[in-house]
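A single chain comes next, written as structure tokens; it is the form predicted on its own.
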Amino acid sequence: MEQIHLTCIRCPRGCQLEVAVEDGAVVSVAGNACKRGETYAKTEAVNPVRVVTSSVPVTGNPAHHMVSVKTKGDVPKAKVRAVVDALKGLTVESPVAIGDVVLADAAGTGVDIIATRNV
């Protein structure tokens, strides 16, 4: 059985988690002070995911040259670099509204990149 040590990032407590993994499945989680820690540990130990945030250039708006963007959901940690690479060279035309999809299915993850501000 493999023991994985993690620091939980789901709340400010930063609980030190002990995760037991056997045959690719989480057997137990210890050290969490809340349910979010257990959920985090189960995902992070066997299938870590991340939200990717960045910004892309905007054309057609002299007051704002960039718009902040993020993945609409989690992407596998192993695909983060591919998602960032997919954003290279991307520009969007103004106007852009919060929630607008600026890149669909980023890097084949099935997750869209959306704007996080109005421009």
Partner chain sequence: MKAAYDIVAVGGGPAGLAAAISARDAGCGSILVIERDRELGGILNQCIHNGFGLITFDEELTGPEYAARFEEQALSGGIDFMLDTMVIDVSADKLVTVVSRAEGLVQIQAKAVVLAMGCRERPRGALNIPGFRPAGIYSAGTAQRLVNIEGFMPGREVVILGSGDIGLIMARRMTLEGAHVACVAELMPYSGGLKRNIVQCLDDFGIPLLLSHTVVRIEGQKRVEAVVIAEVDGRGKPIPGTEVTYPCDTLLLSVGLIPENELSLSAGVELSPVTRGPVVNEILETNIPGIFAAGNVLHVHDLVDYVSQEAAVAGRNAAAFVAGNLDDEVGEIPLVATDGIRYTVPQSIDPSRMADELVVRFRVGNVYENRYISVYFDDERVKHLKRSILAPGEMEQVKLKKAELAAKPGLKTITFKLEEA
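Keep in mind that this is a model prediction, so the values were computed, not measured. Numbering follows the first chain given and starts at 1. Superpose the two forms; the largest set of C-alphas matching within 1.5 Å is the rigid core.
Heads up, the form predicted together with its partner chain isn't pictured, but that's what we're talking about next.
Student: Assess the spot marked by 14, 70 and 98: is its partner chain within 4.5 Å of a heavy atom from every one of these residues in the predicted complex?
Tutor: Yes, the whole trio is in contact, each within 4.5 Å by some heavy atom.
Student: Verify the contact flag for residue 42: yes if a non-hydrogen atom of it lies within 4.5 Å of a non-hydrogen atom of its partner chain in the predicted complex, no if not.
Tutor: It does not: once its partner chain is placed as it appears in the predicted complex, residue 42 has no heavy atom within 4.5 Å of it.
Student: Any chance residue 77 has a heavy atom within 4.5 Å of its partner chain in the predicted complex?
Tutor: Yes.
Student: So, in the predicted complex, is residue 35 in contact with its partner chain at a 4.5 angstroms heavy atom limit?
Tutor: No, no contact at 4.5 Å.
Student: Is residue 53 one of the residues lying within 4.5 Å of its partner chain in the predicted complex, judged by heavy atom distances?
Tutor: Yes, residue 53 sits close enough to its partner chain in the predicted complex that at least one of its heavy atoms falls within 4.5 Å.
Student: If you look in the predicted complex, which residues in 63 to 98 sit within 4.5 Å of its partner chain (heavy atoms)?
Tutor: Residues within 4.5 Å: 63, 64, 65, 66, 68, 70, 77, 80, 81, 84, 88, 98.
Student: Once everything's superposed on the core, is residue 114 shifted 2 Å or more at the Cα between this form and the one not shown?
Tutor: Residue 114 C-alpha, core-superposed: shift of less than 2 Å.
Student: Please check if residue 32 moves between this form and the one not shown, taking a CA shift of 2 Å or more relative to the superposed core as movement.
Tutor: Yes, the C-alpha position differs by at least 2 Å between this form and the one not shown.
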